[in-house]
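Let's start with one chain on its own, the form predicted alone, as structure tokens.
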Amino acid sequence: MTGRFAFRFMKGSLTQKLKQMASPVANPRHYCSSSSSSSAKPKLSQSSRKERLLAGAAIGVVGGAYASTLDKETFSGWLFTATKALNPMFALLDPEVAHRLAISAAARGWVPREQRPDQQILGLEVWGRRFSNPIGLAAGFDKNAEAVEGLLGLGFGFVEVGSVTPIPQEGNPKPRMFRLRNEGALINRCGFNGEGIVAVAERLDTQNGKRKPEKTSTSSNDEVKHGQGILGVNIGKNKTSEDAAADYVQGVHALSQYADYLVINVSSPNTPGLRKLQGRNQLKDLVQKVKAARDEMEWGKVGPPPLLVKIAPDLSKQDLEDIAVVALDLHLDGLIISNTTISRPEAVESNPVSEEGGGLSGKPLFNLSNDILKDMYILTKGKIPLVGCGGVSSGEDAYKKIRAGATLVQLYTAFAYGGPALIPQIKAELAGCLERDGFKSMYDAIGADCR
């Protein structure tokens, strides 16, 4: 797909491509298919001259890289390396504008597509689904499921979309995203801005509905193709809703048929009252209702999608114990640890931007989220798959999450700063860490620091 765009550029179609950046993505292609969509091309709204120049530079890099080789794996490596040149240009844009542009580029296939197979040591099976690698993209990046194919094609083992609310909402006033570049961090107070479950469900349905999970232990790792990875759907509640459980149930009914796993997000700091749902009684009641809604739907041989809960890093020991009890008693399929923090670690205190309200993500969150991860692995006795999220920016960071108890790992902020080139780098570094310490598989390393 990327090659086709490169050749078109070299034939003189740059002007046409730039014009397509004029309005927002409406109907991206099915993320499990490389075939062309018959619908109108997706567009970005109110494109600035700076954005257009950036888009032109991106296509130019693609064209030059493709001209250098016809070998698809070598070409793939060229493309990922070439994207590093674009990061400084994205840094010139407002954070939310840069994010919007990245989503548009991924939706069109104007991003590299990983053609190199993942190393076998990185493969694992979770919830009966085959992951070619444990590195995933956290919720919040592709809120409206606009660019799933392009993002999975980058080589992520899984991509999580959302958070999706029942009713569309604008979120909090702008500006609401702030860079702390020197600290490798972001602060956001977006507040579940998004198009709502109807629009997201229609988009996923247009993309040919429920994708089939990867084959399990009967398939070899080499058979897993990028762009056909695992899709998670993260569900939230509306800011003005008085019945949180009803919001999550609506999300389950509308979106679970498209998901390889579902997430109940009760931990964003930017929706008033949301974190109170992490209390023992509140969480138990919510999970019971959501599970009942999921289980009453008709499912085939694969069964219903696994149900996870995403928790905050700003929890007391008692809070963690209560969540662990609920998770074990109700047989939750997993926990994501963790969301952004409302605290301001010492590493960011001297930065004036740290005074902005909202959730902090990135490198300063790493130790806090890792401590919570270890605690929860011990409290759940390693019986529940945990997804480690918070501050991952290298393969060594991902490895530490895994040793702390994570079965899978997610990132967001580091990807926003590092771009596509970071993904193959993290995977290669992670494989090196596993081999360095004598682990034969991912399974052997999970929770190694808690034994």
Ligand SMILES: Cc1cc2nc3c(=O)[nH]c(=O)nc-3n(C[C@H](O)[C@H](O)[C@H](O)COP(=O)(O)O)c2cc1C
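Note that residue numbering begins at 1 and tracks the sequence as displayed. What you see is a predicted model; the values in this text were computed from it and never measured.
There is also a form predicted together with the named molecule; it is not shown, and the following applies to it.
Please state whether every one of the three residues Asn144, Gln169 and Thr271 places a non-hydrogen atom within 4.5 angstroms of the named molecule in the model of the complex. The answer is no; none of Asn144, Gln169 and Thr271 reaches the named molecule.
Between Leu379, Val126, Ala254, Met177, only one gets a heavy atom within 4.5 angstroms of the named molecule in the model of the complex; which residue is that? Of Leu379, Val126, Ala254, Met177, the residue with a heavy atom within 4.5 Å of the named molecule in the model of the complex is Met177.
Select from the listed residues Phe156, Tyr261, Phe131, Phe192 the one whose heavy atoms reach within 4.5 Å of the named molecule in the model of the complex. Selected option: Phe192.
Given that the partner is absent here, does Gly391 sit within 4.5 Å of the named molecule in the model of the complex, heavy atoms only? Answer yes; at least one heavy atom of Gly391 falls within 4.5 Å of the named molecule in the model of the complex.
Ala105 near the named molecule in the model of the complex, any heavy atom under 4.5 Å? Although the named molecule is absent here, Ala105 would stay clear of it in the model of the complex, with no heavy atoms inside 4.5 Å.
Decide whether Thr413 counts as a contact residue for the named molecule in the model of the complex under a heavy atom distance cut-off of 4.5 Å. The answer is yes: Thr413 has a heavy atom within 4.5 Å of the named molecule.
Answer for Lys310 alone: is it within 4.5 Å of the named molecule in the model of the complex, judged on heavy atom distances? Yes, contact at 4.5 Å.
Want to guess which of 238 to 246, 114 to 122, 338 to 346, 317 to 325 is within 4.5 Å of the named molecule in the model of the complex, heavy atoms only? The contacting stretch is 338 to 346.
Contacts with the named molecule in the model of the complex - residues in 239 to 266 whose heavy atoms fall within 4.5 Å: Just Asn265.
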